[in-house]
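Consider the single chain below, provided in structure tokens and representing the form predicted alone.
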């Protein structure tokens, strides 16, 4: 693994830094979710106008055709610039790449351009209340009716559903299939129709990023089946493999920035000589560095084998655990100052509780590492 950038990668980074120097998202709205969404959407439009919305997308689909390393540079520089993720990160990182692999020409022509422009955004209808993180256990049904499918069921933890035009939906189309991984189909669901109801889930932060999604007689045309009827498991795996590929670099940079702020806070309070504080800060420093190197290790694996390996589960697990430890230490160091309503640390402390659930629960990630990396017996 060579971490030295070649001339093309250095030129890419320099061009990107120059662009960030002359463009910015503007002040971040606080305490107003709708305004915050519009702020991130406007930022994505700026990125799109500058040719930076889908850097990893092929040029034939309007992307920049960046290499994997250049994509990693993009997310690192995005975090370093203090800019937010684009509003439709699910469309850019999950739906778009999935459609490029499995979608029809008509689906690509209709759906990909509006992802880049942020004209239409996406949500992900995978998780269900009784299935947890077990995608193969979904019970949402899709029944054929002429040239349409009628969908009934419930999804949960559906991020951004209240703003989404489209949903990546996995539904069971053959309940008699011998194995639970079979009989699933991957659909593109139009969220703007009768039979689709979004109910926000109020979080401890006061926000409603996550939602419940109720489907009662929602209809999907045959044209919006992705990858063929009964092939939903394979298509969904493509979506999941893309989920954490680029975000790891953004998240590790943000962790480094948060840790640097915390070190400054500890120094301002004369606590750097406290052996307990120093030990915990040192441990977090090592963890952030390991996370950075693990992200590059994952990148190397993708370049070598063409797709992320199960080792990628380590990155998300490490990030969520490290972030929760970091914000807890912030609360310990700042005391009551960290818990007042306007303190950014108070928000981070509360928001970090969701890290263990979103993007794959810690329990599922540990199972993947145990079974597929360490070769341990499957958990019963």
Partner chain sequence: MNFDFTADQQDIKRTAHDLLASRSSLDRVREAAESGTPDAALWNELRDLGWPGIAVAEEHGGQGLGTLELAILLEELGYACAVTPLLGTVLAAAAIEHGGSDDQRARWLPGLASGEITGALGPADGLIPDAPGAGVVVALDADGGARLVDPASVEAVKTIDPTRAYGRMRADGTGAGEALTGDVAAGVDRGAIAVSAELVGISQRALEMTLEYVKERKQFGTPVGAFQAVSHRCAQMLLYTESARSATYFAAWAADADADRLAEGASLAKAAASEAGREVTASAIQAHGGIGFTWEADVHWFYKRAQLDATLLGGTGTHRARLTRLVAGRRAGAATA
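Residue numbers count along the first chain shown, from 1. Keep in mind the model is a prediction, meaning the values are calculated, not measured.
Absent from the display: the form predicted together with the partner chain. The rest refers to it.
Peer 1: Which one of 222, 190, 134, 283 is close to the partner chain in the predicted complex, taking close to mean a heavy atom within 4.5 Å?
Peer 2: Spelling it out, the residue with a heavy atom inside the cut-off is 134.
Peer 1: Identify which of 206, 275, 270, 175 has a heavy atom within 4.5 Å of the partner chain in the predicted complex; exactly one of them does.
Peer 2: It is 206.
Peer 1: Please state whether all three residues 130, 210 and 357 have a non-hydrogen atom within 4.5 angstroms of the partner chain in the predicted complex.
Peer 2: Affirmative, all three are within 4.5 Å.
Peer 1: Looking at the partner-bound form in the predicted complex, is residue 55 within 4.5 Å of the partner chain by any heavy atom?
Peer 2: Answer no; every heavy atom of residue 55 is more than 4.5 Å from the partner chain in the predicted complex.
Peer 1: Considering only heavy atoms, tell me if residue 346 and the partner chain come within 4.5 Å of each other in the predicted complex.
Peer 2: Output for residue 346 is yes: heavy atoms within 4.5 Å of the partner chain.
Peer 1: Contact between residue 328 and the partner chain in the predicted complex at 4.5 Å, heavy atoms?
Peer 2: Although the partner chain is absent here, residue 328 would touch it in the predicted complex, with heavy atoms inside 4.5 Å.
Peer 1: Is it the case that residue 179, even though its partner is missing from this view, gets within 4.5 Å of the partner chain in the predicted complex, heavy atoms only?
Peer 2: Taking the distances in the predicted complex, the answer for residue 179 is no, it never comes within 4.5 Å of the partner chain.
Peer 1: Choose one stretch from 107-115, 296-304, 93-101, 197-205: the one whose residues place a heavy atom within 4.5 angstroms of the partner chain in the predicted complex.
Peer 2: Of the options given, it is 197-205.
Peer 1: In sequence order, which positions of 344-363 have a non-hydrogen atom within 4.5 Å of the partner chain in the predicted complex?
Peer 2: Contacting residues: 346, 349, 350, 351, 353, 354, 356, 357, 361, 362, 363.
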